[in-house]
Structure formats: structure tokens, C-alpha cells
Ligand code: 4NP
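Take a look at this one chain, the form predicted alone, written out in C-alpha cells.
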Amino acid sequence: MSHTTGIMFFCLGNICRSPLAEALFRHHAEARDLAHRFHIESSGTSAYHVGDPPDPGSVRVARNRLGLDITSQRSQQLTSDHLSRFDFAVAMDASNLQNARRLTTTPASRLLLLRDFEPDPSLHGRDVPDPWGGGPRGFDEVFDIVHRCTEGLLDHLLTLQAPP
């Protein structure tokens, strides 16, 4: 990514957590009139759902909570090419972060865990729980976590881009 900062959010299947992260990060960037500074995508470490739209639970919670329409997103598998092209790859959990590390020689500083951007430092290092198959409450919990962490990530990235 040249003049923009490329952010790739990823989870296992790219139908629940990472589509929400993609949409919520974009939402925060747009709210601050900064969307033009980022190229944002999402993917999954597995190929289970390639080409599929987001899970109905993610679609529902994005629409009901912030009026976001994520129905045009389609699952893609995370590749070593993504990891070399994007400035940062942001995992929803430690297991998928480890899977991504196996694909690349990308410096660890460019492979991030989303919950390391929690406002409460005691929550750093934790996983965003996978809501797949768990009912509506799980998607609401994931939305809340991802909402606050993507805002924290945006704040962090803006400090890295600040002029000297």
C-alpha cells in the first residue's frame, strides 16, 4: 500500500469477527474524516467460507447498532501476499495470529492482536471471542469489544503517522 496505510483484519473464517472489525475501523476513520488515509480489508486464515457474505449475526449487529451495511463484504483467505502488501495485519485471537506468523517473515511489529488496543490494559492479550453458532448475545459482545478496540487501534496508528 503506497500513500495509504493498509490494515488487514483477520480471524478464522472471515464471516463474524473480522468483517465487523473492517466495518468498525472504517466507521471510526470516516467519523474523523480520515478514511482516505487507510485501505481496510478483512480475511480469514482458513478457506472454509471463501466467497461467502458475513454471518447473519454480524450483519444484524452492525445494522442495528450503527446502521452499517456489511452485506457486500465477501470472505477471503489470508495469504502471504496480503501480509507483505499490508502495513498491519490485525488478528482477532492468538491462534490466528500464530497461523499468520507461519505464513510470513513480516516483522512482529506489523502483526497485531486487536485486544491489545483495549482501553483497559488488563484486557490486553485476550482473544475476541468467536460468536459463530452462539446466538445473538455473542455478536453483541463481539461488537462491543471490536468497537472499542478498533477505535484504540486508530488512535495508535495516528500517533505513528503524526508529523515529527
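Source: prediction; values computed, not measured. Numbering starts at 1 and follows the sequence shown.
From this point on, the text means the form predicted in complex with the ligand, which you will not see here.
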{"query": "Contacting member of L153, I15, A23, V146, with respect to the ligand in the predicted bound form [4.5 Å, heavy atom]", "finding": "I15"}
{"query": "Among 44 to 52, 98 to 106, 111 to 119, 24 to 32, the region lying within 4.5 Å of the ligand in the predicted bound form by heavy atom distance", "finding": "44 to 52"}
{"query": "Distance check, D130 to the ligand in the predicted bound form, heavy atom within 4.5 Å", "finding": "yes"}
{"query": "Sequence-ordered residues of 61 to 84 touching the ligand in the predicted bound form, heavy atom within 4.5 Å", "finding": "none"}
